[in-house]
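Only one chain is given next, in structure tokens, and it is the form predicted alone.
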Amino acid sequence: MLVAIDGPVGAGKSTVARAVAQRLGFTYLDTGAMYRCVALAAIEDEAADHVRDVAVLHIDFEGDRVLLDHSEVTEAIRAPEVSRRSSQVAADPHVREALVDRQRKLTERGDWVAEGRDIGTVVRPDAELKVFLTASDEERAARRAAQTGRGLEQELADLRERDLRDRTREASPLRRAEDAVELDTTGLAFEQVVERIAALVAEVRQAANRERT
């Protein structure tokens, strides 16, 4: 089974998806981290005056650790400059094609919770459950500010710029799948969000069992 969790930056996709995967015993796939790795590689390549093709990058996950070409980059990919760059590289059709192919192959078998901005619309439109997480701009910016230590106004401006870029890019623009359940997390406790998604998974499984019988 695949649970696809999509939504804009700051909606809580990563923390919620990780917790849901742990609750259900599913494997967690952080697709956003993959794009951040490509962004970090691009920044590093510019500094070194050379360019690595996305096809040759080794991106691996070991629990909560993220590895790029066998080096841990878990914290490095969360830097503000990498966050800004990630939405730019994500708009590159060549990058998206390469990473989407990897994501599809990873989630073909087994039970997964995958989060990103196009899991339910592009990567796996056949996902058994699609959830679109969202929240107010102000709440999303406050969450980002708490993570980065930057000012709220700057985070809000950056967030709105990224939202616009994500929604208007030609390659896999951010949008809610027609059959996705929209879940606004504004004002909700973290555990409430996790419980709601776990309940949705149970509903989907029950419906599938009824169909089989």
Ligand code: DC
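A quick note: this is a predicted structure, and the numbers were derived from the prediction, not measured. Heads up: residue numbers just count along the shown sequence, starting at 1.
Below, we turn to the form predicted in complex with ligand DC, even though it does not appear here.
- Proximity to ligand DC in the predicted bound form, defined as a heavy atom within 4.5 Å, singles out one entry of Arg124, Arg143, Arg102, Arg78, which is Arg78.
- Residues placing heavy atoms within 4.5 Å of ligand DC in the predicted bound form fall in a single listed stretch, namely 34-42, out of 182-190, 50-58, 65-73, 34-42.
- By the criterion of a heavy atom within 4.5 Å, Asp158 is excluded from the residues contacting ligand DC in the predicted bound form.
- The closest non-hydrogen atom of Leu133 lies beyond 4.5 Å of ligand DC in the predicted bound form.
- Within this chain, Arg169 lines the site of ligand DC in the predicted bound form, having a heavy atom no more than 4.5 Å away.
- In the predicted bound form, Arg175 stays away from ligand DC, with no heavy atom inside 4.5 Å.
- The partner is not shown here, but in the predicted bound form the stretch 54-93 reaches within 4.5 angstroms of ligand DC through a heavy atom at Arg78, Ser86, Ser87, Ala90.
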